[in-house]
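The chain below stands alone, shown as structure tokens; this is the form predicted alone.
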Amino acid sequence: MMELRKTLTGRIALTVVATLILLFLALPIVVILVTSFSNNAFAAFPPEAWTLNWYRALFADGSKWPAALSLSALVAALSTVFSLIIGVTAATALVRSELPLRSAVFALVLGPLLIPQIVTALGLFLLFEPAAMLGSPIAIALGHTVLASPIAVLILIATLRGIDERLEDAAASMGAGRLTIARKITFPLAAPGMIAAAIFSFITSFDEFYISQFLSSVDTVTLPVQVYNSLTFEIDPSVTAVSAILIAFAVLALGLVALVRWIGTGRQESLLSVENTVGVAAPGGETV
């Protein structure tokens, strides 16, 4: 690979290959975006004419999409809260403490990502069905948390490992307790990672289909389940408009994550520069 970069032909070849790969990955997204403005009732591509009717139909009287969107937003918000609680607790224990059997705990946390989602969904169905919780937003949110929390844990582990421990040592050397250090140093610096974890947890829950399908009822249908029903039982071109909106939401979310992490990196660098200038106070009052 390094040899290819040294020659003009190699650089051109790498550029062409990279461009083709990016186009291949972006092509389905482009097709959905373009088709959402088609006037064809069968969502044909390429469009013969352009219209905004399918976007208007999403919020027309009698439309099922607003209720599905509201439920998905509610479930995703609950799942995000649950995932952050689990993520902060687990990541702190794995990174900042001498936890016994750390590797086993880490593998257990990542387990839901390795198990097929339909298996997890079936297990949750068998768990919640005897408790008469099928169709409950709380049950669906708890089910989504099983998949969203490992992602939050991974992000927060990387975030905590990226925080320079000298900042915490400096606070401890000046008499700050663990809670004070966590409240004044660790959590503020980890805030960008926590926001990123929240965003990815929300997206994971919002897009989850299998668990929603197993745990939903006739009256509680999430957006992915409604998309599936519209494609299976009827021909509804509004699905392309919904998909386009979800794509735009995902792009905005990723942009927000990048912005937040960039701001967080600058904050830590500024604190490190202050710490290097002042020095770390030793217990005897000297600086090191």
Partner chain sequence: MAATLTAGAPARPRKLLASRRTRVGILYALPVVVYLLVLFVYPIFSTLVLSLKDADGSFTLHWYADALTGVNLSVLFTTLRISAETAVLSLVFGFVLAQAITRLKPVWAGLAMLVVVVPHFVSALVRTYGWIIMLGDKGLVNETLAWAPGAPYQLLYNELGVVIGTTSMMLPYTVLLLYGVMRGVDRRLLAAASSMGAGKVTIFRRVYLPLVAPGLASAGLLSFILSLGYYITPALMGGPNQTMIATLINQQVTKENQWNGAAAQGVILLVLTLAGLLLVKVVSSLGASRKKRNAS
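Numbering follows the first chain given and starts at 1. Keep in mind the model is a prediction, meaning the values are calculated, not measured.
Although not depicted, the form predicted together with its partner chain is the subject of the following passage.
Although the partner is absent here, residue 158 sits far enough away that none of its heavy atoms falls within 4.5 Å of its partner chain in the predicted bound form. Its partner chain in the predicted bound form comes within 4.5 Å of a heavy atom belonging to residue 145.
With a 4.5 Å cutoff on heavy atoms, residue 243 counts as touching its partner chain in the predicted bound form. When contacts are judged by a 4.5 Å heavy atom cut-off, residue 67 does not count as touching its partner chain in the predicted bound form. Comment: its partner chain is not present in this chain, but in the predicted bound form one of 259, 251, 52, 60 has a heavy atom within 4.5 Å of it, namely 251. Checking 170, 124, 76, 196 for any heavy atom within 4.5 Å of its partner chain in the predicted bound form turns up a single hit: 124. Taking its partner chain as it sits in the predicted bound form, the stretch 86 to 107 comes within 4.5 angstroms of it through a non-hydrogen atom at 86, 89, 90, 92, 93, 96, 97, 98, 99, 100, 105.
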